[in-house]
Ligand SMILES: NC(=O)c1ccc[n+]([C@@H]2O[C@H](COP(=O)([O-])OP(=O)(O)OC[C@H]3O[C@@H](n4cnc5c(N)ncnc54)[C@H](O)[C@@H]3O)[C@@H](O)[C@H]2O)c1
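One chain comes next, on its own, written out as structure tokens in the form predicted on its own.
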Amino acid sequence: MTMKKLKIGIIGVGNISSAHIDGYLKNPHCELYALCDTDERTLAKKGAKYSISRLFSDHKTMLKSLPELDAVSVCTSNIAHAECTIDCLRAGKHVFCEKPMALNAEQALKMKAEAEKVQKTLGIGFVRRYGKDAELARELVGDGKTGELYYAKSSYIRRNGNPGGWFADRSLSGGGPLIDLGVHIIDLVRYIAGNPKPVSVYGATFTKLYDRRNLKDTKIYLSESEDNRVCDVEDLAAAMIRFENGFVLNVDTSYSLNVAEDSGKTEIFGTKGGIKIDPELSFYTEYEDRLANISFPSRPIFDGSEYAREIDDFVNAVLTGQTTRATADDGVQIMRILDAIYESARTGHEIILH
């Protein structure tokens, strides 16, 4: 007997939606069913590209018109994550929400509570959890190869990488590189370390270089939305995060910084060994009283295939009732950390999380 395919809707058809759409198209249990976006020009282009005729400029109209929808991906600007997710859940749909989960922890908690109330799956787009590098790192930690983890540092740095559009408008995004890029590496480290609970944060943010609109250099990172020329987000954020088990993470992330080139590196240190992802994974340890460096022939790196794996994980959770790898609670914990970093930066004081 053939299993009925899940009918999938996409709310927000900007850049990141393509990764979701491609993931659903590759999954044999899904049918791409409807698209929704307030930008009707972009919506029409995406509809034509994927041969989808059910197009909506308002998500509430879509939900009312298509009661047969089974699940929805929310790929909007950050400001709409909470509203769209809650409306979809209340309409009886499973939801996969892109990162960050919301603008703040208060919204995230409401989303989590609604999913629990209606007993629907709510997955969060922490795609780094689905990388082969993350899986290998978790394996090393889980097998005891690292010993006790106690310190980590992670950077996600761009030299000239402010995407503009809604990403640079705090009223729509909730912040700059911290809420856009930092969310990835903070969650990656927390995931590898076993998802410890954060207890305190000290952070600083800087708005010095803005979006470098004076430069003639072509930017790699651009929002699909029209640039409204507003730029009031931080261009650099740094923080120290302490967890309940004593583990500490130092993190920094930028859109604009006077460095030689873009970079991304994560290092996690334990009593028996250390892990570096840069972007290939290396392991540093001791062997018979000698220092030893270990590389892996498969060279596990983040290569983009992770997006399909996170969609597959969400679909499996919907079909089986199992928990997704990136849960609503994980989303809440990350929003608590981001809130605390911004508050610490504002006040100049450490923030204690309760």
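From 1 onward, residues are counted along the sequence shown. The structure displayed is predicted, hence computed values, not measured ones.
What follows is about the form predicted together with this ligand, which we do not show.
Using a 4.5 Å cutoff between non-hydrogen atoms, L25 does not count as a contact of this ligand in the predicted bound form.
Not displayed here, this ligand is kept clear of S155 by more than 4.5 Å at the level of heavy atoms in the predicted bound form. In the predicted bound form, this ligand sits within 4.5 Å of a heavy atom belonging to S223. Although the partner is absent here, A326 is not a contact residue: none of its heavy atoms lies within 4.5 angstroms of this ligand in the predicted bound form.
Exactly one of the stretches 211-219, 86-94, 269-277, 120-128 approaches this ligand in the predicted bound form with heavy atoms within 4.5 Å, and it is 120-128. When you look in the predicted bound form, the only residue of D169, E234, D133, D180 with a non-hydrogen atom within 4.5 Å of this ligand is D180.
This chain appears without its partner; in the predicted bound form, the one residue of T146, S256, N78, T205 with a heavy atom within 4.5 Å of this ligand is N78. Heavy atoms closer than or equal to 4.5 Å to this ligand in the predicted bound form belong, across 182-220, to one residue only: H184.
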